[in-house]
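Consider the single chain below, provided in structure tokens and representing the form predicted on its own.
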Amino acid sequence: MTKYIEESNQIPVIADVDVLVCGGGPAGIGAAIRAAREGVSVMVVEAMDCLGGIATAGMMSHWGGRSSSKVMQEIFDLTYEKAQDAGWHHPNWCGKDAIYHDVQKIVLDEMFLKENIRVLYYTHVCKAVVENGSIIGVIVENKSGRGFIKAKRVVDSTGDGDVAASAGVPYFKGRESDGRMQPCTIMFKICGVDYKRAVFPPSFETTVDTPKGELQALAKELLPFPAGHVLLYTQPTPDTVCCNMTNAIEIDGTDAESLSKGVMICRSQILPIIKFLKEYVPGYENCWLMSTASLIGIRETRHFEGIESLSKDDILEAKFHDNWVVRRAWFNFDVHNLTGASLDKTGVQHGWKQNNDYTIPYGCLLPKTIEGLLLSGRNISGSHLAHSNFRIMSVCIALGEAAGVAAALSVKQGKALRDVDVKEIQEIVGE
């Protein structure tokens, strides 16, 4: 038997909301909070057991890059304030952009409760429901079974664009020339690090000379391929370091078998990496495995076709778009090696000369073909190289804020998303 015919089923309507946000990562957080503050009803569906996505479940070390996001600054301040009681230990070594993962989960829950945002955890998006070219809601599945969430507007903050793909929005995957996608990573934390002697290489291009050799060269020689770089980040908790060193290439985050393979490859590298750290990295001689992320970091999958698309030249030239919805975006071309460890030959970190902020136009959030749906986060319309810059969490949360405001205005004014006055969005998200 190659196919099983599922019986027809009457799916219950489990919610009817103004704005449905699919995915509770950085983009979803920004979208939900901003939409709720505009006075519309909001629901978020999230596959994990917490908000924050890669920032919390993915155990990312810090919020990199910068943007105009005001919600992000609120998260920083609230997390730092709450974390004092929980044990934030290194005010001189960690800025507020460092992530105290468990405290940030609590902070995000509290922010959502304050805004009366409904959340369904452990809930997967199954299918977008489209009628006459407009999305009217999403079918989801969780412990209660399958259900239909009716929504006036839907924000796709799933990262991979699962809603947009199901709705039939055209896309391509990975690099334009060959479809290859950036590698994936499982973050992990170690404890027992001697901060007085420890080194913390923050980038692929950071070299560290030791009596046993240069660390990046040693990692490339001794760690199991395709691992082979050293990225270590200070944490707020005592003697703790966040490691961004596992690496799996040729993984498709939209394919279940490939995704599972990526998880197992990354986990298989953790103990060899710790052994390497103990033997070769100063200050790590007595380190031990503390925890591993429950969410694998997928950097790149689908790029959707929008009314507009962001290019590498838009970023390199710091182009100002009159119809901007994100301002003060900044990062580098953070292209992890598509065929191995370290930085890809197309990536630029230390050599990044563009210090000027760029803007992202509203059209990048608007799918060409479907009304009622907004792209939000790393799935917006843009090129492979541009994506390596705007996928950073600080930019994704700002994209979410713009999407949330646009969705709310569209509902309140009874307008199509593409007819919302971008000047009104700008006035609310601010400069």
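Everything numeric in this text was worked out from a predicted model, so none of it was measured. Residue numbers here begin at 1 and follow the sequence given.
Only in words, not in the display: the form predicted in complex with a small molecule, which the text now covers.
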Residue 27 within 4.5 Å of the small molecule in the predicted complex, heavy atoms: yes
Interface membership of residue 123, the small molecule in the predicted complex, 4.5 Å heavy atom rule: yes
Proximity of residue 47 to the small molecule in the predicted complex, heavy atoms at 4.5 Å: yes
4.5 Å heavy atom contact, residue 240 and the small molecule in the predicted complex: no
In the predicted complex, segment of 377-385, 362-370, 33-41, 402-410 with a heavy atom within 4.5 Å of the small molecule: 377-385
Among the candidates 219, 111, 295, 277, the residue which, in the predicted complex, approaches the small molecule to within 4.5 Å (heavy atoms): 295
Three-residue site 69, 73 and 329 fully in contact with the small molecule in the predicted complex at 4.5 Å by heavy atom: no
